[in-house]
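Only one chain comes next, encoded as structure tokens, the form predicted alone.
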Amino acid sequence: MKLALVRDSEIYNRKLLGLTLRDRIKLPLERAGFTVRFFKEDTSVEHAESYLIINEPVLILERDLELNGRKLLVSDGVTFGYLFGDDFHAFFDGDLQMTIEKYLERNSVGVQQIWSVKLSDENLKLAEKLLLSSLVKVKRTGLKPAYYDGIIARTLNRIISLRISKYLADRTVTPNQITVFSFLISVIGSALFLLNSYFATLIAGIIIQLHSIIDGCDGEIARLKFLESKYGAWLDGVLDRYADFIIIFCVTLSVSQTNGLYWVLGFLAAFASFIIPYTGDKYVAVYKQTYTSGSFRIPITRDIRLFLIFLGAIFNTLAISLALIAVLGNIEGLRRIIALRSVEL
């Protein structure tokens, strides 16, 4: 057993974005393999293989914690917790703080930086802001997705989707419901391309971009409320591929009314829309880490592909959007095949 001792505080009873702060400190520690016990004063300490002691009210913002060895847990230069080995039990004399000091005097410990924020009544708004920012798929969060967020997802989509997720956090909507809703939006937007009028195409493009934004909310709510599931991640990926094909097919069917050769562009664009996520997911399956493309890459992830269709709808240049997705996507696919020859982990 790995034991986490968390000094209790009234602030842990406060609710933040759908969960109490007590759950927000408890759940990530349980995911890291710890049995969590809250205490108010000094407490008894049973034998365990490792001990995590958190003396300050804190909100841990990292998702996938890896806590091993003997460490001082530090955030912004301030120690908020301790990680000790099984020998800590032999030092315990009834006074937890004195035992910690005695253990530190006799053992060398390392330092582990943990992205967290100290909790107080005055900084709950800051904690909320940081908690929302921790949902973005970037390296700092400790998330291990197939991809980190693309440029459109970071600079546009997340700004809006995080506001939507903030609203949904206190409601009973599930991530899978959001996934299905987002997919249905993509079908409606795709169908509007078939009306072959500029107004319908413009509305279709806006709906497709809205789909791209809402597509991030299912994962945000799952991470925010610790509702991640393997089925949910699988369903999201599968419906994204269905949505990609339906969107590309309807756009191609629309523009091919003026030139039958656009079917070739549509085929290549559809192929690119599959090969880019497939190479990323396959990389994760084989190499067991998030796909990173090195110093040079062609940014043509899903957020960018859908944004190109959105721009094509606005400027009535959908054929150009298809061409960019087809050319850039397939070149990036070939680049990955060549670049990964030298990667062996």
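Note that residue numbering follows the sequence shown and begins at 1. What you see is a predicted model, and the numbers here were worked out from it, not measured in a lab.
Below, we turn to the form predicted together with a small molecule, even though it does not appear here.
From the list 220-228, 108-116, 247-255, 260-268, the contact stretch for the small molecule in the model of the complex under a 4.5 Å heavy atom rule is 220-228. Of the heavy atoms in residue 233, some are within 4.5 Å of the small molecule in the model of the complex. Shown alone here, residue 149 lies within 4.5 Å of the small molecule in the model of the complex, counting heavy atoms only.
At a distance threshold of 4.5 angstroms between non-hydrogen atoms, residue 73 is out of contact with the small molecule in the model of the complex. Proximity of residue 216 to the small molecule in the model of the complex falls within the 4.5 Å heavy atom cutoff. Taking the partner from elsewhere, no residue among 129, 134 and 168 has a non-hydrogen atom within 4.5 angstroms of the small molecule in the model of the complex.
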